[in-house]
Structure formats: structure tokens, C-alpha cells
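Just the one chain here, laid out as C-alpha cells, in the form predicted alone.
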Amino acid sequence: MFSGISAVSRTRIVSWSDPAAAAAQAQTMSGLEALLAMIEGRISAPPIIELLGIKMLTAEPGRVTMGLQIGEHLYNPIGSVHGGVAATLLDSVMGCAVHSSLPIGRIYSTLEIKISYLRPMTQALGMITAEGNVISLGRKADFAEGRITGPDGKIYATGSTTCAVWDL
């Protein structure tokens, strides 16, 4: 410990439901139906959503929004939100935008993502919103883009993704 720095402990408790059970339920629905069921609480959200505190807000064909209340538990060593949190939020919202376009029996996985960080995020921002939108749907690959905005209307990060899609 550094001289003069007082360490104050904090605790965060996270609970989640069995992800295999939620996945089995979701596979009986279209992607959009599964996302809406998660928003309505009929299917459990994935553990990563619970861990980070992400809130699934809206889902429609090709477009999904999620929110995240910024807190210091998301900080990196320099006192702002860790880039991996923004990347996870964007990966989630872009992937779910793709998912919202898939019929029953089709699934996806992220092949690659690109994230651009435009400005730092701190808990002074409060709630940030991420939006993912499908750019193009294909037989084997789908493409989406996303952005994180603050309540001030500024864009804090952007992203793009390529997702592989296939039949179950």
C-alpha cells in the first residue's frame, strides 16, 4: 500500500441463473422473441449481463438498446471505465441486433469486433446507452454497428462487428 492512501473496501454481490436453461428456452424461439422474453423477465439474461449490471432495454428487428449505470466497480487503474467494459457492452448490443434478425433454428457467434474509444467514461455520467444496428444480413455472416452515448448526447465509443451465422 502506498503511503498516505487509505484503502476502503467495497462489496458487490452478483447472482445469476443457469445459462444452459436460458439457452435451451431461447432456442425454441426466434432471436427477437428470445430477446423480448429476456427484457420481460421470462428468460434469464446471460451471466455477463448480470455481472456488469447491463439492462436490456429494447429489441426490434435489426436494432437493440441496452443501458449501463456507470460505477467505480467498472474502473481501470486510471480512474475511468475499463475499455473492456465498453467493448463487452458493444459486443453484446451489436450481437443482439444480429440475434434479433434470426429465425428459429439459426444462431450466431462474434467473429470479430472493432471498437473506437472517443472519450473517457466515469461515474459522473450516470446511465449510458448502447445501441446496436444491423448493417447487412447474409447467409453465413451478418454485420452490425454500435455506439455508446451518454445522457449528455455525446458519443463515447463506437464499434462494428462481423458475426458468423449458421443453422442449429
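The structure displayed is predicted, hence computed values, not measured ones. Numbering starts at 1 and runs along the sequence shown.
The form predicted together with a further copy of the same chain is left out here; the points below concern that form.
Query raised in the report: Tell me, which of L125, L36, M29, L52 has a heavy atom within 4.5 angstroms of a further copy of the same chain in the predicted bound form?
Result: By the 4.5 Å criterion, the partner-contacting residue is L52.
Query raised in the report: With the cut-off set at 4.5 Å between non-hydrogen atoms, does P151 touch a further copy of the same chain in the predicted bound form?
Result: Although a further copy of the same chain is absent here, P151 would stay clear of it in the predicted bound form, with no heavy atoms inside 4.5 Å.
Report task. Give a yes or no for P47: in the predicted bound form, does one of its heavy atoms lie within 4.5 Å of a heavy atom belonging to a further copy of the same chain? Result -> Judged by the heavy-atom cut-off of 4.5 Å, P47 is in contact with a further copy of the same chain in the predicted bound form.
**Report entry** in the predicted bound form, R42 touching a further copy of the same chain (heavy atom, 4.5 Å)
**Finding:** It does not: once a further copy of the same chain is placed as it appears in the predicted bound form, R42 has no heavy atom within 4.5 Å of it.
Query raised in the report: Counting only non-hydrogen atoms and a 4.5 angstroms cut-off, does T58 reach a further copy of the same chain in the predicted bound form?
Result: T58: no, not in contact with a further copy of the same chain in the predicted bound form.
**Report entry** Contact set, 142-168 vs a further copy of the same chain in the predicted bound form - heavy atom within 4.5 angstroms
**Finding:** Those in contact are F143, E145, R147, I155, T158, S160, T161, T162, W166.
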